[in-house]
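Next comes just one chain, in structure tokens: the form predicted alone.
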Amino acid sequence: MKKLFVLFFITISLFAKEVSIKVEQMHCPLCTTMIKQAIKKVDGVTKVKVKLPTKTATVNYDETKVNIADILKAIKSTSYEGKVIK
């Protein structure tokens, strides 16, 4: 059972990715909420943190289900532009 758990964890880790995105136009808490909700709706996104002071979104996702272009498209659907910084 322990080997199965380790194999499952390694498999999940291989496809789990994180990206940091700069959203310059973000200027208020409502902006952060809108962007966070839009990104969370994307299938394959597992975790989202949006920070107003740094104007960044950090997104964890499963690369077998979603790619960065899909995440940027979700941000654009809220009338903001995102740029990958890391």
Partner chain sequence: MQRRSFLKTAAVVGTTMAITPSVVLSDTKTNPFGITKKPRKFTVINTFDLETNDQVAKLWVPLPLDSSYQKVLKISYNGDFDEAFISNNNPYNTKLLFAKWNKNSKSRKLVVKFDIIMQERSVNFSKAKNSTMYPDDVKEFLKGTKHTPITKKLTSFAKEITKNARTPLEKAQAIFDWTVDNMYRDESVIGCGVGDASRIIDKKLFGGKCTDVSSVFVALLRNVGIPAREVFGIRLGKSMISKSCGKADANGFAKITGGQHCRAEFYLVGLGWVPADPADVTKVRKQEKLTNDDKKIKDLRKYFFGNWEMNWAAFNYARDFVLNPKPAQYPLNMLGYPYGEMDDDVLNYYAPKEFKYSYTSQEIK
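Positions refer to the first chain, counted from 1. Please read all numbers here as calculations on a predicted model, not as lab measurements.
There is another form of the same protein, the form predicted in complex with the partner chain; it is not shown, and what comes next is about it.
- Residue contact with the partner chain in the model of the complex: residue 52 places a heavy atom within 4.5 Å of it.
- Put simply, residue 47 is far from the partner chain in the model of the complex: not one heavy atom of it is within 4.5 Å.
- In the model of the complex, the partner chain lies farther than 4.5 Å from every heavy atom of residue 58.
- Within 4.5 Å of some heavy atom of the partner chain in the model of the complex lies at least one heavy atom of residue 27.
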